[in-house]
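Only one chain is included here, represented as structure tokens and corresponding to the form predicted alone.
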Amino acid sequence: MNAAVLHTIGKPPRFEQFPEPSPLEGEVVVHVRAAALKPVDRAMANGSHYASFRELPVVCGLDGAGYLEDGTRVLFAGPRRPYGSMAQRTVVSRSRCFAIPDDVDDETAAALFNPGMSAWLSLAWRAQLAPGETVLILGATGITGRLAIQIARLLGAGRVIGAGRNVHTLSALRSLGADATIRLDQSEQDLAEAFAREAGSAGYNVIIDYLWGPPTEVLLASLTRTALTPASHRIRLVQAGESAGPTISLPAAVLRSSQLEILGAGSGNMPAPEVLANTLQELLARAASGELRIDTERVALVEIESAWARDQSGRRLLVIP
């Protein structure tokens, strides 16, 4: 079968033949219709992700949309290695396949699956966002960040602020539900003042951080209090990405002068399977109703090498076998 096969860490996968998958007990073969090309796929292939590939060759792709032998349309995640989603067929545990509603097409489902679930679970599961709370999205101009703004609104956030570097995309965030935006391409002093200004007297309740690195350091400096009185409310910072850097310097005063809580959102702290399934149903229902928007672009599997490093410019690339 045709597949995007990775032979060397740090190199793009190649379009070539790969052995057909054979399911083990509890597994199913999925005929792939669309597989999203995401930052995590690139990180897995270049060795920078904590769960990067250890044995090669391997087919790239962590999730996608397709159909089973009986014709059931499904979203799937976590194919058994060395198989991946960027192939004509893959093999997955049946428990990791989820039915796609009739009113959602395969490409929309595949595009939304990873970033939509990440944003929804970060807000609802990890941060436990309550209606009326103020949310700051660090990295709001990315695909997941833009979905996080929309989802924060759907979950009842009282105020949503988006921070990012892409000026053109920042200007469009208000149409997605942002009340204010912060440009990250400022001096550290100006950026810290912008974070403090948008926090206002009430402050941030929830921060979803897709950046980490220097922008997070500036934000934390702006949250550090000088008063010797108890802070008025909790601040839940959910660390969900590291596109600006893998590490930060964390002064003790940040934690000791505030009610800041730093949480992680990733494969190691997923909720129970029934919560995942219910969240996915809600996500797809919102997409079907038009309440969630995501821009996509199709790319043929045969073009995987050239597409691998392409600037997505706010669109989710969908690999079509």
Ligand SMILES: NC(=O)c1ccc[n+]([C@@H]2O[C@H](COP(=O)([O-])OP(=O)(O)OC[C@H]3O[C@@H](n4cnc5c(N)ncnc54)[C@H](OP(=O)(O)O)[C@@H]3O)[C@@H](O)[C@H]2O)c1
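In this text, all values refer to a predicted model and were calculated from it rather than measured experimentally. All residue numbers are counted from 1 along the displayed sequence.
There is also a form predicted in complex with the ligand; it is not shown, and the following applies to it.
Of the candidates 155, 221, 91, 244, 244 is the one whose heavy atoms come within 4.5 Å of the ligand in the predicted complex; the others do not. A single residue from the set 173, 74, 194, 143 has any heavy atom within 4.5 angstroms of the ligand in the predicted complex; that residue is 143. When the ligand is considered in the predicted complex, residue 109 lies well away from it, no heavy atom lying within 4.5 Å. Within this chain, residue 178 is remote from the site of the ligand in the predicted complex, having no heavy atom within 4.5 Å. Interface membership of residue 205, defined by any non-hydrogen atom within 4.5 Å of the ligand in the predicted complex, is ruled out. The ligand in the predicted complex is not approached by residue 79, whose heavy atoms all lie more than 4.5 angstroms from it. In short, of 197-205, 126-134, 92-100, 163-171 it is 163-171 that has heavy atoms within 4.5 Å of the ligand in the predicted complex. The partner is not shown here, but in the predicted complex the stretch 31-53 reaches within 4.5 angstroms of the ligand through a heavy atom at 39, 40.
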